[in-house]
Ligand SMILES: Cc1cc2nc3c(=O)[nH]c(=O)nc-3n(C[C@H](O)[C@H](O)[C@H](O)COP(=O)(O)OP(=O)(O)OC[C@H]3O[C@@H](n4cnc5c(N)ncnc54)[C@H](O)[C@@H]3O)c2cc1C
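One chain follows as structure tokens, the form predicted alone.
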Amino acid sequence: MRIFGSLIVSTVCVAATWLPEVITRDVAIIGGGASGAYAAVRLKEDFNKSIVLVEKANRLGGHVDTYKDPKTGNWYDFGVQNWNDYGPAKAFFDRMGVPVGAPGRNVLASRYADFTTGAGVNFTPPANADRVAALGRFLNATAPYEQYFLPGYWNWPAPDKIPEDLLLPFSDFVEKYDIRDSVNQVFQVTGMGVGDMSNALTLYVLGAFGPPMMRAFLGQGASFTPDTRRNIALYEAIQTRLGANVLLSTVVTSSIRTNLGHTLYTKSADGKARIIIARKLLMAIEPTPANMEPFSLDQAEQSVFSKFKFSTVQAGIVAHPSLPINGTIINTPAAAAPNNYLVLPKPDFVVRFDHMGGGSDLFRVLVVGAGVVTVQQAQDMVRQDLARLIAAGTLPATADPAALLEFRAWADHGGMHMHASAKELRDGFVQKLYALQGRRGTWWTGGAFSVQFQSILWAYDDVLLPKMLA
């Protein structure tokens, strides 16, 4: 009996070393970007719910990317640049103990070139007064529609009541309201993220550059950044606040989702398996096919999400001796000269190279794709475009012909600006999308249900969370 008992104890001890940890919570949150991180804080501290936040990266923050230059010791933000003072934004920074101020701006000398050939383009941007006037007309034309899509589609009209302006291709909307002189600014600031901006529905362009952004540029609203000029500081504070409730470098490998609760099987980068059992599930990632694979979508979910198309955005920090210090070189089709402002690059494309300032040799580069673009493909595009610019004489050749483009930091922001066709919108797409809220005990946040701006996503969460917990 003694030997038999010893064998039982030994077997139990061995089993305990490989059994996965089980975590039981009120709410499991998938994704630690703007929506998920904010929701985690509010659920834990304001609604007194136990939470676990699963994030595949090794940090929180999503599209916030901050890099420390080892040569100068300076920090550079190459993802999210600043926050609009919208909804709960400033109050949330105060809550997290992160002081903020007006964003700093580098004044860069602009040059224009067609990156498909490398040749310079004689492009003339609009005069500042004309740009401001057009931006004012843009705001006046779209402010009445703001209620329908900000901070989410909670008040979206019935399919037969959708304002036709919102379903116009953006180029038609531009002509209708005589806002051509605003297009270059809209595209270069954030509009490029929708991909083919000229042909995108106006609704989705407004998701990339909407009334809050217009007000900020017109002096009718404000934007801000942390005083430290380290945008990641906010998410470092959130991570500290949430502590062990955050599982970084972790993905869901499979799941069982029901109205009665959820079982999530997860695996971390170091191979540790965990099982999460949660009463409710909050999805804070974009519903792309790759992201949804572990979550066993039902027919209704598949039917709605399959209608989505999306663009991808990647951002990096690069260095090369041919790039212009204190300058920016902007991808501009030859046909845009001298002032054809609706002639814009088509995806897939490199947007521009911007010097990061601060006495560095660093440049921020942006790449936009239609659908999935791998990191390797995006970086190859950057290499090829730089080579064409040098070969065409637009940028100088280096003293060392073997000098290679250095990639100092890189971030793949994945699927963004998810959108449906005008036909689908007229067929009730938004109503079908929002009908998924609460289905199978699952709730949805993020850009597909709102827009890609962090402060607006937080305001969306403020509406969603009480509905989720009702």
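Residue positions are given as counts along the sequence shown, with the first one as 1. Please read all numbers here as calculations on a predicted model, not as lab measurements.
The next section is about a form of this same protein that is not shown, the form predicted together with this ligand.
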> in the predicted bound form, which of 27 to 35, 43 to 51, 436 to 444, 421 to 429 comes within 4.5 Å of this ligand (heavy atoms)?
Replying inline: 27 to 35
> At the 4.5 Å heavy atom threshold, is Thr332 in contact with this ligand in the predicted bound form?
Replying inline: no
> Even though this ligand is not shown here, does Ala315 get within 4.5 Å of it in the predicted bound form, heavy atoms only?
Replying inline: yes
> Heavy atoms within 4.5 Å of this ligand in the predicted bound form: does Arg408 have any?
Replying inline: no
> Is there a heavy atom of Tyr460 lying 4.5 Å or less from a heavy atom of this ligand in the predicted bound form?
Replying inline: no
> Tell me, which of Asn82, Thr202, Gln185, Thr266 has a heavy atom within 4.5 angstroms of this ligand in the predicted bound form?
Replying inline: Asn82
> Does anything in 353 to 384 come within 4.5 Å of this ligand in the predicted bound form by heavy atoms, and if so which residues, in order?
Replying inline: Arg364, Leu366
